[in-house]
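So this first bit is one chain, no partners, the form predicted alone, shown in structure tokens.
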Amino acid sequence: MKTEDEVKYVEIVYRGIFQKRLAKYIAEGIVYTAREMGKPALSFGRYGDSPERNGVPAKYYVGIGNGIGEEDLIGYSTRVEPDLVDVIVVLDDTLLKGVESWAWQGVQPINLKLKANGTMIVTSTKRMDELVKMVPKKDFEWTFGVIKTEPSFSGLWAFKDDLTMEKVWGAIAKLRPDIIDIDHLVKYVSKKQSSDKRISAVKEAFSSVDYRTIRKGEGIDFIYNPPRLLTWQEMLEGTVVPAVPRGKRNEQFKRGTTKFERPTVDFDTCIKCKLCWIYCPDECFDETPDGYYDIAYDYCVGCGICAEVCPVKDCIVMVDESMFTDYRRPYEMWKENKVKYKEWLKEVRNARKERVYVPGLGR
């Protein structure tokens, strides 16, 4: 039996800090249910994801033994991350655009590690056909599931008990009963406090999760070139690390996938006060020749500080990141056609949702 057949892995992709406890508790529930089924199981965070920064994509894993013992399972799972996974759970649909957790790894497709005939489940309020346009192509068939719910966000020390974890468990039980089945899942959930509403959430997700097969080659082209580490002959002498030149940015660590919102700018009302440029913690604003401040969206993490410090009402407004397919700069669009830009601005701002309340950020 191959190693990949002896262990089934579930990968949980989440927004660092905001969904840390949610991911941990989802993994915990899968482990306990698998153990109820008589299988060895364990969970672990991806090495290097901690300490986390707000919104940075991070991963949690569950390993479930298939005909092997506890010690062998621990041995297989003592690694940075599994090579392939059977199930991917995505806790925020904007993560479908790609994930960049570490420096030097580049922006990876969300389904990079998915096995042939594997399953990916996402929490979203969008329709299936809208989400399929965001998923990268694979050269095999796989199953895509959607749990109709708002992404759940909380804080580092807080847990928003909104039944998201029960919905995720129910969806996995429906689509991958070889991982956890509904009977043992209900048995596990029945031991928890307020078990009636939790069991109802599990059963609701089990019966309502939307899913379909994604065909070979269906989806978007996602070009990913894994970074190549230098050989010893290519390294500089000693421990010298070349610095990023003054006024430049690190091309190998953009972090644009961190955000689930992006700032939009109304240049017609901008007073060129410079506060966005001063306060941006990631130095994403560039001064233009005529004194405005443009945004490098591929480096912006969507923290919203620029919108909070801007003194002009509605000059900078945060909108839903999932509406966009590229990182084209707003100043370029405005200079190209100001009337068209104004219409575009109105459209994306009207489509925005109420901003997520995140404890600890003063919003």
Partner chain sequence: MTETRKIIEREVLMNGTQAVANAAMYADVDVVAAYPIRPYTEVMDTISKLIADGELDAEFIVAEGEHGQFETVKHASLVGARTLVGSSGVGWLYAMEAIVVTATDRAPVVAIIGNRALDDPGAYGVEHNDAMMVRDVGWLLAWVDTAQEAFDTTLIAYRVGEDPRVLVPVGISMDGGFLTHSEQIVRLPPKELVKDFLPPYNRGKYLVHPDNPITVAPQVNEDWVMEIRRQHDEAVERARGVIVEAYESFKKVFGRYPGSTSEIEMPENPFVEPFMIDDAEIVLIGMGTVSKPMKVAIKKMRNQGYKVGMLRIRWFRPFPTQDVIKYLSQAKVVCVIDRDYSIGSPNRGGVIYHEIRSSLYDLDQRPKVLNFIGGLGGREITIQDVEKIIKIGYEHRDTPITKPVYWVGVRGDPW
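Note that the rigid core is defined as the largest set of C-alphas that superpose within 1.5 Å between two forms. Residue numbers count along the first chain shown, from 1. Keep in mind that this is a model prediction, so the values were computed, not measured.
Below, we refer to the form predicted in complex with the partner chain, which is not included among the displayed structures.
Against the partner chain in the model of the complex, the set G48, V80 and L230 is in full contact: each member has a heavy atom within 4.5 Å. Residue contact check for G304: none of its heavy atoms lie within 4.5 Å of the partner chain in the model of the complex. The partner chain in the model of the complex comes within 4.5 Å of no heavy atom belonging to E100. At least one heavy atom of S43 is located within 4.5 Å of the partner chain in the model of the complex.
For E6, a non-hydrogen atom is located within 4.5 Å of the partner chain in the model of the complex, even though that partner is not displayed. In terms of contact with the partner chain in the model of the complex, the residue from D183, E283, D196, E71 that brings a heavy atom within 4.5 Å is E71. From the list 222-230, 258-266, 126-134, 144-152, the contact stretch for the partner chain in the model of the complex under a 4.5 Å heavy atom rule is 222-230.
Residues from 11-39 that approach the partner chain in the model of the complex with a non-hydrogen atom closer than or equal to 4.5 Å are K24, E28, V31, Y32, R35, in the order they occur in the chain. Relative to the superposed core, E36 shifts its CA atom by less than 2 Å between this form and the one not shown. Annotation for G48: C-alpha shift of 2 angstroms or more between this form and the one not shown, rigid core superposed. Shown in the overlay between this form and the one not shown, fitted on the rigid core, is a CA shift at R212 smaller than 2 Å. Between the C-alpha atoms of P51 and P151, a gap narrowed by no less than 3 Å is obtained in the model of the complex, as opposed to the form on display. If you compare C-alpha positions, F18 and P51 are 3 angstroms or more closer together in the model of the complex than in the form on display.
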